[in-house]
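Only one chain is given next, in structure tokens, and it is the form predicted alone.
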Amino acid sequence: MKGQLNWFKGGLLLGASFLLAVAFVKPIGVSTQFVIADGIVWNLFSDTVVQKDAAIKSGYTSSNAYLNKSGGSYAKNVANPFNYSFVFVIAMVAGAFLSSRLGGPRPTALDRSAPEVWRQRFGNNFALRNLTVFFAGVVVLIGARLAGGCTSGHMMSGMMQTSLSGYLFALGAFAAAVPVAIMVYKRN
């Protein structure tokens, strides 16, 4: 794809973004916001999923054990979603859209259907590509929830803060990803 930053410049900008976030607000983490988004939708159809509770530090509780984690902080975020983390995720989507309109990378029609490395291995089957990406996304999201965070939260923000869990997450992620990539793309 043309118009992308090279990996070195992109890495420096990404590192600077994470450093500024840690220094001025809080570490960046994205996957929890998918849970919050699910909770927002669920809360639209249920009056009992999130309740106010003055006895709890966050002021909110949930009938769902997961949303009730961390003293009801997830339930609080469902009830009041316009906080730093949720706005950050929305801003990521808005930033990508703005970049595409203001001269960001312009993928070719083929690149929009699938990256070149995928097409070389599996061809141009649009349905296979989308089904595989959707399934992989579900697996990653389940793994992120089981681990209590995703790549951005554990590996990038965690390692930046010299957290042991961040280094262990990175080790596990690469120990799984490299062999899977070699098997899927059949490269040595």
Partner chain sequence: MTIFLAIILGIFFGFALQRVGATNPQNIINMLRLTDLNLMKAILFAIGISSTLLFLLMSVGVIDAGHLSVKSSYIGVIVGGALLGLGFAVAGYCPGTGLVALADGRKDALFFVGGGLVGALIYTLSYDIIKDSWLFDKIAGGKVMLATGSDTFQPLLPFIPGTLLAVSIGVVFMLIAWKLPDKV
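Owing to the predicted nature of the structure, the values given are computational and were not obtained by experimental measurement. Residue numbers count along the first chain shown, from 1. Rigid core here is just the name for the largest C-alpha set that superposes within 1.5 Å across the two forms.
This protein has a second form, the form predicted in complex with the partner chain, left out of what is shown; the following refers to that one.
Put simply, Gly59 is far from the partner chain in the predicted complex: not one heavy atom of it is within 4.5 Å. Contact annotation: Leu44 falls outside 4.5 Å of the partner chain in the predicted complex, judged by heavy atom distances.
Within 4.5 Å of some heavy atom of the partner chain in the predicted complex lies at least one heavy atom of Lys69. A residue is said to contact a partner when one of its heavy atoms sits within 4.5 Å of a partner heavy atom; Thr48 fails this definition for the partner chain in the predicted complex, lying far away. Residues Val139, Val140, Leu141, Ile142, Gly143, Ala144, Arg145, Leu146, Ala147, Gly148, Gly149, Cys150, Thr151, Ser152, Gly153, His154, Met155, Met156, Met159, Met160, Gln161, Thr162, Ser163, Leu164, Ser165, Tyr167, Leu168, Phe169 are the ones in 139 to 170 with at least one heavy atom within 4.5 Å of the partner chain in the predicted complex, listed in sequence order.
After superposition on the rigid core, displacement of the C-alpha of Pro179 between the shown form and the other one stays below 2 Å. If you fit the rigid core between the shown form and the other one, you'll see the Cα of Ala96 move by 2 angstroms or more. Once both forms are overlaid on the rigid core, the distance between the two CA positions of Gly71 between the shown form and the other one is under 2 angstroms.
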